[in-house]
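A single chain comes next, written as structure tokens; it is the form predicted on its own.
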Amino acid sequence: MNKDIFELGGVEFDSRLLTGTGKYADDSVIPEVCEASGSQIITVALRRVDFESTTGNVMDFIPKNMKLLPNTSGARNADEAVRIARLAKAMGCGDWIKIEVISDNKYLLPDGYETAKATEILANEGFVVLPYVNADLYIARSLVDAGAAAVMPLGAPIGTNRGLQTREMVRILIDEISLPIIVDAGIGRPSEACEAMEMGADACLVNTAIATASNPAMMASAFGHAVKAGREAYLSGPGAKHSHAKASSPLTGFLHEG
């Protein structure tokens, strides 16, 4: 098989698994998780970054070879997301930004309209913008128009580990949106990431399922293998499904009465 390159924001990656930095019982496991997963992109909430801290910083545990993807966790509207993105860039975190705008405290669902506003402003400023949204075709189309580098639909409410609950809506986005589709949030098991990739998703972002596993590094390895397996299955072109049984070998004409 030819080398399968994942191009995002003008950069080429070998891995299609993105990871995160939240919810670990001990951040010191993050380097081992990154290595085990094979991931090359990692997201971090800017509110957790404190370069002046003398008592430890999550940034100390992010391998230098990882592409850093700061996120705007905590933003409640477009203005706050834009301010966080500009602050991240000023702090030396680069010009990639994952937009998270959430004002709903019960279900933590992203606000697609405010996300589109922030995406347009930041894309026009030269940011590589990866917006986290509900699996909604109209919102996704608005993000394409706004200059997003990808669309990141949720599989289920964030942090729930409930799997690919939005699979039919994600499937529509895969069919209709020209940008990379990165399934984000809710994926709790490697088999669910594999399913998303089999469907044709370009990548998956997994944090909670890895960070809250009893053995995060082993779970990270499992997700790395699952994402790769799902991608290879998609590229291989799975056979068609049928409503009636079809024999693998001919059923007639083999035995003949003398």
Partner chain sequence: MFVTLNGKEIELTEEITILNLLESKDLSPETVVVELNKKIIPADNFSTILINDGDHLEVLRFVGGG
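Keep in mind that what you see is a predicted model, and the values were worked out from it rather than measured. Residue numbers count along the first chain shown, from 1.
Omitted here: the form predicted in complex with its partner chain. The next part is about that form.
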Please state whether all three residues 22, 44 and 70 have a non-hydrogen atom within 4.5 angstroms of its partner chain in the model of the complex.
yes
So in the model of the complex, does any heavy atom of residue 207 sit within 4.5 Å of its partner chain?
yes
Partner contact for residue 86 in the model of the complex: its partner chain, 4.5 angstroms, heavy atom:
yes
If you check in the model of the complex, is residue 49 within 4.5 Å of its partner chain, heavy atoms only?
yes
Taking any heavy atom pair closer than or equal to 4.5 Å as contact, tell me whether residue 233 reaches its partner chain in the model of the complex.
no
Tell me, out of 137, 91, 109, 156, which residue has a non-hydrogen atom within 4.5 angstroms of its partner chain in the model of the complex.
91
Here the chain appears without its partner; judged in the model of the complex, the stretch of 137 to 145, 94 to 102, 174 to 182, 110 to 118 with heavy atoms within 4.5 Å of its partner chain is 94 to 102
